[in-house]
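Next up: a single chain in C-alpha coordinates, the form predicted on its own.
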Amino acid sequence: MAKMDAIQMQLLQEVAGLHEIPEGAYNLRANGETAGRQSTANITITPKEAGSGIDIHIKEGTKHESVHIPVVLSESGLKETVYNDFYVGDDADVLIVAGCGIDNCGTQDSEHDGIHRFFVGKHAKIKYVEKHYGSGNGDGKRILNPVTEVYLDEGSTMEMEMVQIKGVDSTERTTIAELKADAKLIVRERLMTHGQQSALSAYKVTLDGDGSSADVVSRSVARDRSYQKLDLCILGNAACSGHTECDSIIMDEGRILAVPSLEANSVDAELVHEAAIGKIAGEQLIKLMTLGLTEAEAEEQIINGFLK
(Lines give C-alpha, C1' and ligand atoms only; values in the text may rest on other atoms or scores of the structure.)
Protein backbone atom coordinates (compact mmCIF):
# COMPACT_ATOMS: atom_id res chain seq x y z
CA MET A 1 0.00 0.00 0.00
CA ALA A 2 1.52 3.29 -1.13
CA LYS A 3 1.23 6.20 1.27
CA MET A 4 -1.17 8.93 0.13
CA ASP A 5 -0.58 12.56 1.06
CA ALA A 6 -3.10 14.93 2.66
CA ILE A 7 -4.35 16.33 -0.68
CA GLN A 8 -4.90 12.87 -2.10
CA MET A 9 -6.73 11.74 1.03
CA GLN A 10 -8.98 14.82 0.79
CA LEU A 11 -9.79 13.96 -2.82
CA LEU A 12 -10.51 10.38 -1.78
CA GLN A 13 -12.95 11.60 0.82
CA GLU A 14 -14.74 13.85 -1.69
CA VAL A 15 -15.23 11.25 -4.42
CA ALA A 16 -15.63 8.06 -2.40
CA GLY A 17 -16.47 9.14 1.15
CA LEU A 18 -13.37 7.37 2.43
CA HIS A 19 -11.43 8.52 5.48
CA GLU A 20 -9.39 5.34 5.56
CA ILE A 21 -8.85 2.14 3.63
CA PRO A 22 -12.27 0.54 3.02
CA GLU A 23 -13.38 -2.91 3.97
CA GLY A 24 -13.97 -5.41 1.21
CA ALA A 25 -12.51 -5.28 -2.28
CA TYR A 26 -10.80 -2.11 -3.46
CA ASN A 27 -8.39 -0.66 -5.97
CA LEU A 28 -6.98 2.78 -5.20
CA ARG A 29 -5.21 4.71 -7.94
CA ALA A 30 -3.14 7.88 -7.37
CA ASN A 31 -1.24 9.88 -10.00
CA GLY A 32 -1.29 7.07 -12.53
CA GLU A 33 -0.09 4.34 -10.15
CA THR A 34 -1.77 1.71 -8.00
CA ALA A 35 -1.88 2.92 -4.40
CA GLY A 36 -3.52 -0.20 -3.00
CA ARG A 37 -5.50 -3.25 -4.02
CA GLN A 38 -7.41 -5.99 -2.23
CA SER A 39 -9.61 -8.83 -3.42
CA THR A 40 -12.02 -10.94 -1.36
CA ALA A 41 -13.23 -14.51 -1.56
CA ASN A 42 -16.11 -13.43 -3.82
CA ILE A 43 -14.67 -10.39 -5.61
CA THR A 44 -11.41 -10.62 -7.53
CA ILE A 45 -9.54 -7.59 -8.90
CA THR A 46 -6.75 -8.23 -11.39
CA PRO A 47 -4.71 -5.77 -13.47
CA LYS A 48 -5.00 -5.90 -17.24
CA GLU A 49 -1.96 -7.26 -19.04
CA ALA A 50 -1.32 -3.94 -20.77
CA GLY A 51 -1.44 -2.14 -17.43
CA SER A 52 -4.21 0.17 -18.59
CA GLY A 53 -6.81 -0.80 -16.02
CA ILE A 54 -8.35 -3.66 -14.07
CA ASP A 55 -10.84 -6.53 -14.39
CA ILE A 56 -13.31 -7.05 -11.54
CA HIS A 57 -15.00 -10.46 -11.30
CA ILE A 58 -17.91 -10.81 -8.88
CA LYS A 59 -19.05 -14.38 -8.20
CA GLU A 60 -22.67 -15.31 -8.71
CA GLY A 61 -24.78 -15.07 -5.58
CA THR A 62 -22.45 -12.55 -3.87
CA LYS A 63 -24.54 -10.47 -1.46
CA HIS A 64 -24.00 -7.28 0.56
CA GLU A 65 -20.38 -6.71 -0.49
CA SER A 66 -18.75 -3.62 -1.95
CA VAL A 67 -16.05 -2.61 -4.41
CA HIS A 68 -14.26 0.76 -4.21
CA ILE A 69 -12.18 1.88 -7.22
CA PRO A 70 -11.56 5.66 -6.83
CA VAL A 71 -8.88 7.60 -8.71
CA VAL A 72 -7.09 10.75 -7.50
CA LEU A 73 -4.72 13.05 -9.38
CA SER A 74 -2.63 15.75 -7.68
CA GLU A 75 0.09 16.12 -10.29
CA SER A 76 -0.27 18.93 -12.85
CA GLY A 77 0.09 17.82 -16.45
CA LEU A 78 -0.81 14.18 -15.85
CA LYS A 79 -3.10 12.63 -18.46
CA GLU A 80 -4.31 9.02 -18.41
CA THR A 81 -6.90 6.68 -19.90
CA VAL A 82 -8.00 3.67 -17.83
CA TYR A 83 -10.19 0.73 -18.87
CA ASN A 84 -12.06 -1.11 -16.10
CA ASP A 85 -14.33 -4.08 -16.83
CA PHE A 86 -16.84 -5.52 -14.35
CA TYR A 87 -18.17 -9.06 -14.70
CA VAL A 88 -21.09 -9.51 -12.31
CA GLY A 89 -22.39 -13.03 -11.72
CA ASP A 90 -26.05 -14.07 -11.65
CA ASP A 91 -28.04 -13.15 -8.52
CA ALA A 92 -25.29 -10.94 -7.08
CA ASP A 93 -26.20 -7.83 -5.05
CA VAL A 94 -23.28 -5.42 -4.59
CA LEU A 95 -22.30 -1.77 -4.21
CA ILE A 96 -19.66 -0.31 -6.54
CA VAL A 97 -18.12 3.07 -5.71
CA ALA A 98 -15.98 4.78 -8.33
CA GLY A 99 -15.18 8.42 -9.10
CA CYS A 100 -12.22 10.68 -9.70
CA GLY A 101 -10.84 13.75 -7.98
CA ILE A 102 -8.27 16.11 -9.52
CA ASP A 103 -6.33 18.76 -7.61
CA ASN A 104 -4.38 20.95 -10.05
CA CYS A 105 -2.23 23.75 -8.68
CA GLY A 106 0.01 23.98 -11.76
CA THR A 107 -0.11 25.47 -15.25
CA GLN A 108 -0.62 22.27 -17.27
CA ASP A 109 -3.91 20.51 -17.82
CA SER A 110 -4.63 17.32 -15.86
CA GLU A 111 -6.97 14.74 -17.36
CA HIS A 112 -8.47 11.38 -16.44
CA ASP A 113 -10.54 9.40 -18.93
CA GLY A 114 -12.15 6.35 -17.37
CA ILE A 115 -13.91 3.73 -19.50
CA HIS A 116 -16.04 1.39 -17.39
CA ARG A 117 -17.91 -1.58 -18.84
CA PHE A 118 -20.45 -3.59 -16.84
CA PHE A 119 -21.56 -7.08 -17.85
CA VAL A 120 -24.34 -7.83 -15.38
CA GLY A 121 -25.70 -11.37 -15.02
CA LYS A 122 -29.28 -12.55 -14.71
CA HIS A 123 -31.26 -11.20 -11.75
CA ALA A 124 -28.20 -9.40 -10.36
CA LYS A 125 -28.56 -6.04 -8.63
CA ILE A 126 -25.94 -3.29 -8.76
CA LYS A 127 -25.79 0.09 -7.04
CA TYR A 128 -23.13 2.20 -8.79
CA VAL A 129 -21.91 5.54 -7.42
CA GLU A 130 -19.61 7.75 -9.50
CA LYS A 131 -18.56 11.17 -8.22
CA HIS A 132 -16.27 13.70 -9.89
CA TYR A 133 -14.58 16.59 -8.12
CA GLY A 134 -11.96 19.22 -8.90
CA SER A 135 -9.86 21.56 -6.75
CA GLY A 136 -6.62 23.54 -6.84
CA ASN A 137 -5.79 27.14 -7.71
CA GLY A 138 -3.55 26.57 -10.75
CA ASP A 139 -4.21 27.75 -14.30
CA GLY A 140 -4.17 24.19 -15.63
CA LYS A 141 -7.56 22.66 -16.33
CA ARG A 142 -9.16 19.72 -14.55
CA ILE A 143 -10.61 17.46 -17.28
CA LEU A 144 -12.71 14.31 -16.80
CA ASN A 145 -14.19 12.28 -19.67
CA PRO A 146 -15.97 9.20 -18.30
CA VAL A 147 -17.49 6.53 -20.54
CA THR A 148 -19.85 4.00 -18.99
CA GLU A 149 -21.20 0.97 -20.84
CA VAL A 150 -23.87 -1.18 -19.21
CA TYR A 151 -25.11 -4.54 -20.46
CA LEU A 152 -27.96 -5.91 -18.34
CA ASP A 153 -29.03 -9.52 -18.68
CA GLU A 154 -32.55 -10.77 -18.01
CA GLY A 155 -34.14 -9.58 -14.77
CA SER A 156 -31.11 -7.59 -13.62
CA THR A 157 -31.17 -4.09 -12.11
CA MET A 158 -28.62 -1.29 -12.08
CA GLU A 159 -29.06 1.92 -10.11
CA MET A 160 -26.57 4.66 -11.02
CA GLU A 161 -25.80 7.80 -9.01
CA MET A 162 -23.71 10.16 -11.17
CA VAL A 163 -22.51 13.33 -9.44
CA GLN A 164 -20.36 16.29 -10.45
CA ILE A 165 -20.96 19.49 -8.52
CA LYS A 166 -17.63 21.28 -8.15
CA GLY A 167 -14.35 22.17 -9.78
CA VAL A 168 -14.30 20.25 -13.09
CA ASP A 169 -13.38 22.58 -15.97
CA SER A 170 -14.33 20.30 -18.85
CA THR A 171 -16.19 17.01 -19.04
CA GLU A 172 -17.72 14.81 -21.71
CA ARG A 173 -19.83 12.16 -20.01
CA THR A 174 -21.08 9.27 -22.17
CA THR A 175 -23.33 6.48 -20.93
CA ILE A 176 -24.54 3.60 -23.09
CA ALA A 177 -26.88 0.87 -21.83
CA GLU A 178 -28.50 -2.20 -23.39
CA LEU A 179 -31.23 -4.05 -21.51
CA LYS A 180 -32.65 -7.54 -22.01
CA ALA A 181 -36.06 -8.80 -20.85
CA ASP A 182 -37.27 -7.52 -17.46
CA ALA A 183 -34.01 -5.63 -16.83
CA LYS A 184 -34.22 -2.25 -15.13
CA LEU A 185 -31.98 0.84 -15.25
CA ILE A 186 -32.34 3.78 -12.86
CA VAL A 187 -30.13 6.86 -13.29
CA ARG A 188 -29.93 9.92 -11.06
CA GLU A 189 -27.49 12.52 -12.35
CA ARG A 190 -26.57 15.71 -10.48
CA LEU A 191 -24.42 18.27 -12.27
CA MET A 192 -23.27 21.81 -11.53
CA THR A 193 -20.97 24.03 -13.58
CA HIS A 194 -19.58 27.47 -12.83
CA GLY A 195 -17.02 29.94 -14.16
CA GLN A 196 -16.12 29.06 -17.76
CA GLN A 197 -16.71 25.34 -17.31
CA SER A 198 -18.39 23.13 -19.90
CA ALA A 199 -20.18 19.82 -19.46
CA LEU A 200 -21.60 17.49 -22.08
CA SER A 201 -23.67 14.59 -20.75
CA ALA A 202 -25.10 12.01 -23.15
CA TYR A 203 -27.15 8.87 -22.47
CA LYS A 204 -28.24 6.29 -25.02
CA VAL A 205 -30.36 3.54 -23.49
CA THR A 206 -31.65 0.68 -25.65
CA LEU A 207 -34.54 -1.40 -24.33
CA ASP A 208 -34.33 -4.68 -26.23
CA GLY A 209 -36.33 -7.07 -24.06
CA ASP A 210 -39.99 -7.32 -23.12
CA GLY A 211 -40.59 -5.89 -19.66
CA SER A 212 -37.37 -3.87 -19.65
CA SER A 213 -37.50 -0.33 -18.25
CA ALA A 214 -35.36 2.78 -17.80
CA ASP A 215 -35.79 5.90 -15.69
CA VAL A 216 -33.10 8.51 -16.45
CA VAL A 217 -33.29 11.80 -14.53
CA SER A 218 -30.74 14.61 -14.79
CA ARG A 219 -30.77 17.66 -12.53
CA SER A 220 -28.30 20.43 -13.27
CA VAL A 221 -27.32 24.01 -12.43
CA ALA A 222 -25.35 26.27 -14.80
CA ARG A 223 -23.79 29.32 -13.10
CA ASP A 224 -21.61 32.24 -14.23
CA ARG A 225 -20.65 31.77 -17.92
CA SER A 226 -20.66 27.97 -17.94
CA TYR A 227 -22.25 25.76 -20.61
CA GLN A 228 -24.09 22.45 -20.45
CA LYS A 229 -25.49 20.10 -23.07
CA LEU A 230 -27.75 17.31 -21.85
CA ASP A 231 -28.55 14.64 -24.44
CA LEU A 232 -30.83 11.88 -23.15
CA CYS A 233 -32.03 9.23 -25.59
CA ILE A 234 -34.10 6.08 -25.07
CA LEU A 235 -34.78 3.51 -27.79
CA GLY A 236 -37.66 1.09 -27.28
CA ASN A 237 -37.39 -2.10 -29.31
CA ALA A 238 -39.87 -4.24 -27.37
CA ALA A 239 -42.80 -4.12 -24.97
CA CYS A 240 -40.93 -1.80 -22.61
CA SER A 241 -41.22 1.46 -20.67
CA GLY A 242 -38.81 4.39 -20.60
CA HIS A 243 -38.70 7.84 -19.03
CA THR A 244 -36.17 10.66 -19.33
CA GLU A 245 -36.19 13.97 -17.49
CA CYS A 246 -33.91 17.01 -17.76
CA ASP A 247 -34.55 19.56 -15.01
CA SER A 248 -32.17 22.53 -14.97
CA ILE A 249 -31.61 25.85 -13.23
CA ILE A 250 -29.89 28.58 -15.24
CA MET A 251 -28.13 31.50 -13.52
CA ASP A 252 -26.04 34.56 -14.39
CA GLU A 253 -24.85 34.15 -18.03
CA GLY A 254 -24.98 30.38 -18.09
CA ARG A 255 -26.21 28.41 -21.11
CA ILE A 256 -28.00 25.06 -21.26
CA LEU A 257 -29.04 22.92 -24.21
CA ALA A 258 -31.38 20.03 -23.37
CA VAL A 259 -31.93 17.42 -26.09
CA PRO A 260 -34.21 14.64 -24.84
CA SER A 261 -35.16 12.12 -27.51
CA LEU A 262 -37.23 8.96 -27.85
CA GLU A 263 -37.31 6.30 -30.55
CA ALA A 264 -40.01 3.63 -30.55
CA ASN A 265 -39.50 0.60 -32.77
CA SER A 266 -42.29 -1.46 -31.24
CA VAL A 267 -46.00 -0.73 -30.97
CA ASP A 268 -45.77 -1.84 -27.32
CA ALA A 269 -43.00 0.59 -26.34
CA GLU A 270 -44.18 3.25 -23.86
CA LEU A 271 -41.71 6.16 -23.75
CA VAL A 272 -41.96 9.58 -22.08
CA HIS A 273 -39.61 12.53 -21.84
CA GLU A 274 -39.68 15.79 -19.88
CA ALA A 275 -37.42 18.86 -20.05
CA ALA A 276 -37.47 22.10 -18.07
CA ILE A 277 -34.99 24.99 -17.84
CA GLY A 278 -35.61 28.05 -15.70
CA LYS A 279 -34.23 30.47 -13.17
CA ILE A 280 -34.75 30.39 -9.42
CA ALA A 281 -38.22 31.67 -8.62
CA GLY A 282 -38.32 35.08 -6.96
CA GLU A 283 -40.87 33.99 -4.38
CA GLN A 284 -38.53 31.21 -3.24
CA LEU A 285 -35.76 33.74 -2.61
CA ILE A 286 -38.09 36.18 -0.85
CA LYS A 287 -39.44 33.47 1.44
CA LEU A 288 -35.97 32.44 2.58
CA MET A 289 -34.77 36.03 2.92
CA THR A 290 -37.65 36.79 5.26
CA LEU A 291 -36.15 34.11 7.52
CA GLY A 292 -32.92 36.10 7.79
CA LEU A 293 -30.85 34.72 4.91
CA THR A 294 -29.03 36.97 2.46
CA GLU A 295 -29.88 36.60 -1.23
CA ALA A 296 -26.67 34.65 -1.83
CA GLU A 297 -27.37 32.35 1.13
CA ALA A 298 -30.94 31.81 -0.08
CA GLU A 299 -29.69 30.88 -3.55
CA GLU A 300 -27.28 28.32 -2.09
CA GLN A 301 -30.03 26.77 0.02
CA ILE A 302 -32.28 26.39 -3.03
CA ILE A 303 -29.50 24.93 -5.19
CA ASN A 304 -28.41 22.47 -2.50
CA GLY A 305 -31.97 21.25 -2.11
CA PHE A 306 -32.44 20.99 -5.87
CA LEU A 307 -29.28 18.89 -6.34
CA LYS A 308 -29.96 16.51 -3.43
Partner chain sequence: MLDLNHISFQAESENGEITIINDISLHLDSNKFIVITGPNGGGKSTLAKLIAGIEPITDGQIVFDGTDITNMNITERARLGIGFAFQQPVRFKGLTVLDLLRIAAGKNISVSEACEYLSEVGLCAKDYIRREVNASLSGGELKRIEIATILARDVRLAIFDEPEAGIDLWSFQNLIRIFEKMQQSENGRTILVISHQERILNIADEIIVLSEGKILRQGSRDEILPDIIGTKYASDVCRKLSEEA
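From a predicted model like this one, the values you see are computed outputs, not experimental measurements. Positions refer to the first chain, counted from 1.
Keep in mind that the form predicted together with the partner chain is not shown, yet the notes after this line are about it.
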Contact label in the predicted bound form: residue 21 to the partner chain, heavy atom within 4.5 Å: no
Does residue 55 make contact with the partner chain in the predicted bound form, using a 4.5 Å heavy atom cut-off? no
Could you confirm whether residue 33 comes within 4.5 Å of the partner chain in the predicted bound form, counting heavy atoms only? no
Residue 288: touches the partner chain in the predicted bound form, heavy atom cutoff 4.5 angstroms: yes
Just one of 278 to 286, 56 to 64, 258 to 266, 37 to 45 has residues with a heavy atom within 4.5 Å of the partner chain in the predicted bound form, so point it out. 278 to 286
In the predicted bound form, residues of 242 to 279 near the partner chain [heavy atom within 4.5 Å]: 247
